[in-house]
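Okay, here we've got a single chain as structure tokens, the form predicted alone, with questions on binding and movement later.
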């Protein structure tokens, strides 16, 4: 197993003011210095750097490095959550600026943990990474009844829905939720992604999900794949 390396954005110097350096921010996000991240991003905004540039050139590199380490199981949920907190601090400052530029989300994503399951381990990581990837995210939290998923899917005209299960005793409700979405006549409108410790690709295939996320990084990759696939348009 090789140690993941920082991927420096190509041509970042051309998008930054003369003399500007991102390296301190890359490291701050990587090690989870959320206060420093907040201060650095504020400085970048005050300098007049485009918020999309701040996100892509400043925030993503350190976060993606840790995401690669998380996938390779070099680091685990506690370390990833620390990095996610720093990323969230920076994202909170630039999200309103991106919205003001009328940047449209790449898709509407509804997520939650299935009925009977009160665990949300890792869910905040998935949520942050989906937002970072450009999705408009609604997180319904834990112990979500199928009817709540259906209600939110219809209200938001969602493109994707994802539900996790962290217990072997609740994983069956992933199937129940998919069945209820189908009964509601919404199955062709949304792509369904599942995840959680007891789940596998075989389980996803068995219950009719469109994708399975082994971890947060893979969940985002699957979401990007699914958003590009055809589905029935909302009326």
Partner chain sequence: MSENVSVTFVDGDGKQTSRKVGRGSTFIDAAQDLNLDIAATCGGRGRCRSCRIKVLKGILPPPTIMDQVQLGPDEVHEGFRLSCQTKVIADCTVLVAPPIAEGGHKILGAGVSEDTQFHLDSGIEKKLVAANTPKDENHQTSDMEMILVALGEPVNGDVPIEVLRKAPDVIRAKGGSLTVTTFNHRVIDVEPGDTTRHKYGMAFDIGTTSIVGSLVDLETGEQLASVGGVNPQAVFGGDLMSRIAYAQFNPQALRKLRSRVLAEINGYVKEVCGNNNISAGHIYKMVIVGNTCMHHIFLGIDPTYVGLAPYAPTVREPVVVTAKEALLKVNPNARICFLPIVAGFVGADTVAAVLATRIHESDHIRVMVDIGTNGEVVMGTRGRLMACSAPAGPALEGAQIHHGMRGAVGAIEKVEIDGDVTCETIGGAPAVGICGSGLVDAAAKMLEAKVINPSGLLRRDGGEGLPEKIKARIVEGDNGWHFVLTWAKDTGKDEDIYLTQQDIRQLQLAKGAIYSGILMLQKVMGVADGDIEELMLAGGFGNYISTESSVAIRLLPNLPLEKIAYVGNAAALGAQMALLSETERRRATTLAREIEHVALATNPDFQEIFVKAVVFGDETKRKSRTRTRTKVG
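Positions refer to the first chain, counted from 1. This structure is a prediction, so every number in the text was calculated from the model and none was measured.
Beyond the structure shown, there is the form predicted together with the partner chain, which is absent from this document and is the topic of what follows.
The partner chain in the model of the complex is approached by residue 79, whose closest heavy atom lies within 4.5 angstroms of it.
Looking at residue 65, you'd find a heavy atom of it within 4.5 angstroms of the partner chain in the model of the complex. Contact check for residue 73: a heavy atom falls within 4.5 Å of the partner chain in the model of the complex. By the criterion of a heavy atom within 4.5 Å, residue 156 is excluded from the residues contacting the partner chain in the model of the complex.
Between the options 39, 27, 56, 180, the residue in contact with the partner chain in the model of the complex by a heavy atom within 4.5 angstroms is 27.
Heavy atoms within 4.5 Å of the partner chain in the model of the complex belong, among the stretches 183-191, 48-56, 167-175, 204-212, to residues of 167-175.
Residues 103, 131 and 133 are none of them found to lie within 4.5 Å of the partner chain in the model of the complex, as judged by heavy atom distances. Residues of 27-47 that come within 4.5 Å of the partner chain in the model of the complex, judged by any heavy atom, are 27, 30, 31, 32, 33 in sequence order.
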